[in-house]
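Only one chain is given next, in structure tokens, and it is the form predicted alone.
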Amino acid sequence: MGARSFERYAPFVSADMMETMREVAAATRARLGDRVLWDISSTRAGGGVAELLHGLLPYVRGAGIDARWMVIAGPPAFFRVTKGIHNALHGVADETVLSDEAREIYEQTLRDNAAQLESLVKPRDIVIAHDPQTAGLVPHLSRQGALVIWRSHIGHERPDGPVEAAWRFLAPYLADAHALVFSREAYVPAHVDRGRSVVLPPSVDIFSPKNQPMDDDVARAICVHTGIIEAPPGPCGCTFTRADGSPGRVDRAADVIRLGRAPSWDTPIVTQISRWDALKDAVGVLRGFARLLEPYAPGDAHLVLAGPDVDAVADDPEGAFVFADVMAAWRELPQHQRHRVHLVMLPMTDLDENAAIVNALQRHSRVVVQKSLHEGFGLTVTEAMWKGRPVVASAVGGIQDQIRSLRDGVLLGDPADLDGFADALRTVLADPELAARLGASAKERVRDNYLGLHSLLRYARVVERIDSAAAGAS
């Protein structure tokens, strides 16, 4: 991961914002000196946290700050525990993962990781530890003299039952954090000192292979090459610009499960792209789309359910099981419906290539869906909005902060209402003017609120606050 200048944002934001960013970057660089800013997460590939860090850290380095990224390691049992905590924070009960045995697995794994970090993290370094997988590192790093920010990307508006149990599990590890960052005010648990809490929504890197501009002919070539749609490849190749600025090309195909041929280029595509996680409700999307098909679907629409290769995301042991459930639901459809639903596993060997495929697929889609049952923030929604696509999504988590219903997209008040979901799809598919209006407003919404530059400014202010407080206390 190299360094990039945030000056490339200048064409997209106001001159005042750029000047503020220059001043904040210079002040932060002077404040930190030779200290290191560390980010610690559980994986480098798959999921929103990894994408956020790939999109932000090069700009921190480009500002002259020594920024580094560490990924923790652990056995499968550890990731089963942390997946259970993740689910509990979304309101899904699983008592086994919050047992004494689970705590011992959790603590032992993070003790082992802390031992590896002892020789690297120095006193007064800044550490941003991401999500439940890393919370157990906070006491160790704080004792070493680091200034620790714990960043939670997930949460739930109603802190009862499983959610409260998950916070009780995590609370002992968070007591020594200098700041705790949440995506929404509603996610801040009651036990957290509001003086240490910060609300900071995530953002997208508009220059990444997933979000960079892409001509229709290139999107077509990529979708054809990967096997998602069927058409003559056209005059353009499957080319894109890699995160480091070098040229890239999509060479790998996707693994696609379908009945019959791929949809043609002019077939309206409804797409949901997400991890194979039960909370993303791919089965519900499939069944709701089946209701769209009866009695009719505007333009003979097809559905693409896409996600990563299930063997490629190390910190999600449930992916293969969820994908198996989606396949089983697909097989239950009548043959004429199954013909119009395509299950796609995207290659993950080359992360930039994967991102370019997602970019092409989102841009080709007539409607992008995120019918999550629960959602921390929903970066796939932000990405689709930036591309000017009309989005139909559940009014859960951070999605309801991003989309103003019928202004920037369509919100589903009840994600379990499959008829309501089908009606929303039918409305957008049947009205091209509405779809265009929603997409244009959505792009402006992201430009004004959810660019990487916004996150850089917000993080810099958190660092300034905790460093000033630590200096005053010493």
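A residue's number is simply how far along the shown sequence it sits, counting from 1. Everything numeric here is computed off the predicted structure, so don't read it as measured data.
Not on display, but discussed next: the form predicted together with uridine-5'-diphosphate (UDP).
Residue in contact with uridine-5'-diphosphate (UDP) in the predicted complex (any heavy atom within 4.5 Å), chosen from K280, H364, R340, H130: K280.
Screening V358, A301, A219, L286 for any heavy atom within 4.5 Å of uridine-5'-diphosphate (UDP) in the predicted complex leaves a single hit, V358. In the predicted complex, uridine-5'-diphosphate (UDP) sits within 4.5 Å of a heavy atom belonging to T380. Interface residue remark: H140 is not counted as part of the site for uridine-5'-diphosphate (UDP) in the predicted complex, having no heavy atom within 4.5 Å. With a 4.5 Å cutoff on heavy atoms, L346 counts as touching uridine-5'-diphosphate (UDP) in the predicted complex. At the 4.5 Å threshold, heavy atoms of I273 reach uridine-5'-diphosphate (UDP) in the predicted complex.
This chain is displayed without uridine-5'-diphosphate (UDP), yet in the predicted complex the stretch 350-358 from 350-358, 75-83, 189-197, 172-180 comes within 4.5 Å of it by heavy atoms.
When contacts are defined as a non-hydrogen atom within 4.5 Å, all of K210, G307 and E375 contact uridine-5'-diphosphate (UDP) in the predicted complex. With contact defined as any non-hydrogen atom lying within 4.5 angstroms of uridine-5'-diphosphate (UDP) in the predicted complex, the stretch 57-94 contains no contacting residue.
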